[in-house]
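Before any questions on how it binds or moves, here is one chain, the form predicted alone, in structure tokens.
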């Protein structure tokens, strides 16, 4: 790929997200769920975000789109094509240059026929019907309301909505659950085609196999931050090519590998340990793990670990 196609479309720098909420009684406090998180997505690539439930993947997506709830507070900054991505900019770009495939089908308007929802303001019936055919949705589906659709059909409608415009950035939050193998492959093929045409794709998934197949790079989340960003090829090579002990344990736990569970639990956001958030579960921990640990470049990737070589 030529260098000119590798512009950073989205850059997230030291992003922290907290929620103001009541704790015991009437006492109010802030619960920080993302902690100094940094990553970027380039034109022409698919960046997969992988990690266990509760690691902050969907919150990142909502922060990018500007759809966090009113009690959320953000620190850090985001850039879109090198320019600050403010809340005003997010509102103007959302649904046009920045497309979103949400995890929940509840994002569909229950009072609007799905064909009209997919077309939006500027889309055409021809394009909408082309996408419906591509994803196995019969022509009559466009006249239905969301409650009349199965879960798989609703998810395909959401994917079609995101592909209506010529987006520069697609944020896909678990886009394939409930889809057949053929439609999953079709969706990944669409993402690949859009990336090859210069689009940037942020693919959030629990399915690491999906990330292996689709992604150029993989960002591993743990307890609200990024612990490693590496080429997808490193994950395909095996654990020895990875840099962070959590990434290696994540790989070992897959059924096709050693199927070895990792003892312990991801720390709760209100009771985070000092230093490395993974240290309590790590066999390599020592006193160096108790201090602040920034991301650093190691062997062509990025990692948040003092032991990585």
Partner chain sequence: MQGDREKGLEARDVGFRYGKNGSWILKGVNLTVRPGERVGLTGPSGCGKSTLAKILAGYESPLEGEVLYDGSPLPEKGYCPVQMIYQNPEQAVNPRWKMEGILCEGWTPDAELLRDMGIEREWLKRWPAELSGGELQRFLIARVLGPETKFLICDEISTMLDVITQAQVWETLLRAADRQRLGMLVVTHSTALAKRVCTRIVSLQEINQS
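Numbering follows the first chain given and starts at 1. Everything numeric here is computed off the predicted structure, so don't read it as measured data. C-alpha atoms forming the largest set that superposes within 1.5 Å between two forms make up the rigid core.
Beyond what is shown, the protein has a form predicted in complex with its partner chain; the following relates to that form.
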| query | finding |
| --- | --- |
| Contact check for 104, 206 and 253 against its partner chain in the predicted complex, heavy atom at 4.5 Å | yes |
| Partner proximity in the predicted complex: residue 179 to its partner chain, non-hydrogen atom cutoff 4.5 Å | yes |
| Its partner chain contact in the predicted complex: residue 272, any heavy atom under 4.5 Å | no |
| Residue contact check: residue 36 to its partner chain in the predicted complex, 4.5 Å heavy atom | no |
| Partner contact for residue 29 in the predicted complex: its partner chain, 4.5 angstroms, heavy atom | no |
| Contact residue in the predicted complex, from 64, 43, 249, 282 (heavy atom within 4.5 Å of its partner chain) | 249 |
| Heavy atom contact within 4.5 Å of its partner chain in the predicted complex, the stretch among 224-232, 77-85, 187-195, 153-161 | 153-161 |
| Contacts with its partner chain in the predicted complex, stretch 209-232 (heavy atom within 4.5 Å) | none |
| Rigid core superposition, residue 268 Cα moves 2 angstroms or more between this form and the one not shown | no |
